[in-house]
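Only one chain is shown below, in structure tokens, and it's the form predicted on its own.
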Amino acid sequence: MKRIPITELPNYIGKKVKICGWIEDKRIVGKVMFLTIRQGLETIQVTLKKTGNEDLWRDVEEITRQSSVVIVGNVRKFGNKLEIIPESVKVVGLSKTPLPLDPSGRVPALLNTILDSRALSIRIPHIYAIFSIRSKVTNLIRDFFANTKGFIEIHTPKIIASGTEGGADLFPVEYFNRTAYLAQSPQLYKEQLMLGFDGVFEIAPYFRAEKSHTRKHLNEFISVDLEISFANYKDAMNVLEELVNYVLENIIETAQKEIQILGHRPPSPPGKIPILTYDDSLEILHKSGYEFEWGEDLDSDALRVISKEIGDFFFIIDWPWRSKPFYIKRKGDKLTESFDLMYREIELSSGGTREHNVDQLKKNLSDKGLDPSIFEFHTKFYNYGMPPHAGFGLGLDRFLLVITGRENIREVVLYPRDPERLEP
């Protein structure tokens, strides 16, 4: 007998069905037992009368909450709701008690407790909703790039021979008789592919060995990367702006139930995102009483001040050369054709025009204190007609923080990795 999702039960009123799920709740009122069966975000009531069903009653009475069951019974309408009158209830996975957390969500759990029991925690409705939204956002991003824009999806190596930015914050791994590293980003590979593709994107995990202990940093993260040929940083910003609007417009429509459960509505699509230069940012800060030396990065407090002046979403462009990696194109002596996308104090994305002139690229490497010969595996491709190109990396986990309204990035990642957490 085919199992029926709870969402389809309205089509089976008066018919026998098989459903599968977990017993979230069990109540006995006199000679009537009520079971609440959960599938994801959906629940259905199963009503069992003792009279005439003594054997089944005795069996069901022994089943613990959160056990997984297969139920066969008849669907009927009870007022404005549906319920199932069971003919059989089969336990396929008995749950031990007590549980490390309350999967109903009625008793809140600390974040560390949730992470220690992550697989069980997804039965909690609001946690299930977070990862349902995450899946939908990922699908929307892929749909935008592949179907709306016609870009090619790529998969670059995650075990590499050298660092993208010269070896900083790398995780070394033993690779047969050599030392290799976990990739920090697909940067060099996606740039090389501009020799033949108009545009490429990748949604994949990357690794940075930063000993950060903040609510916004992890050592393993999902990056959404784009690179487009015959383009500059303004072109890349336009694509990123379109992407943000596309995702926010569609997630509000496609995740209404999840949004209701979370009690947080994602930001409205920003439309045209304001743009200010790095120098504009410093001017705003100076007027607000903040003193920043030119060339410094902007911390969270500074970005909050700017956001209050500009709005939630904003681009900061033309960053100092000394703060950007070697592959970013210079703009004069001190600046770069670069941008960061912010949401309030959160940096969501960073990108820019790439240096496509091989001689200048080698000079950039030397100016950053890097040995150009080490990067010959990369720069050699710039001798074969490399076009101008630009791109960005968007932090999916941080974008999910904004969309779901969570405070800690670990809440939107199933199995987060930070300096202290390597399990589960």
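Bear in mind the structure is a predicted one, so any value in this text is a computation, not a measurement. Start at 1 and count along the sequence shown; that's the residue number.
The same protein also exists as the form predicted in complex with the RNA; that form is not shown, yet it is the one meant from here on.
> Only one of D280, D312, E83, E309 gets a heavy atom within 4.5 Å of the RNA in the predicted complex. Which one?
By the 4.5 Å criterion, the partner-contacting residue is E83.
> Name the single residue among H286, K90, R265, R106 that comes within 4.5 Å of the RNA in the predicted complex, judging by heavy atoms.
It is R106 that has a heavy atom within 4.5 Å of the partner.
> Residue-level question: is I275 within 4.5 Å of the RNA in the predicted complex, judged on heavy atoms?
Heavy-atom contact with the RNA at 4.5 Å: absent for I275.
> Quick one: is T51 in contact with the RNA in the predicted complex, heavy atoms, 4.5 Å cut-off?
Residue-level check for T51: yes, a contact with the RNA.
> Would T113 sit within 4.5 Å of the RNA in the predicted complex, counting heavy atoms only?
Residue-level check for T113: yes, a contact with the RNA.
> Is L218 close enough to the RNA in the predicted complex to count, meaning some heavy atom within 4.5 Å?
Contact with the RNA, yes.
> Counting only heavy atoms and a 4.5 Å cut-off, does the RNA in the predicted complex sit next to every one of K158, T179 and T404?
No: no residue has a heavy atom within 4.5 Å of the partner.
> Hey, of 149-157, 93-101, 227-235, 329-337, which bit sits against the RNA in the predicted complex at 4.5 Å between non-hydrogen atoms?
Only one stretch qualifies here: 93-101.
> What residues of 322-349, in sequence order, lie within 4.5 Å of the RNA in the predicted complex by heavy atom?
If the 4.5 Å heavy-atom criterion is applied to the RNA in the predicted complex, 322-349 yields E347, L348, S349.
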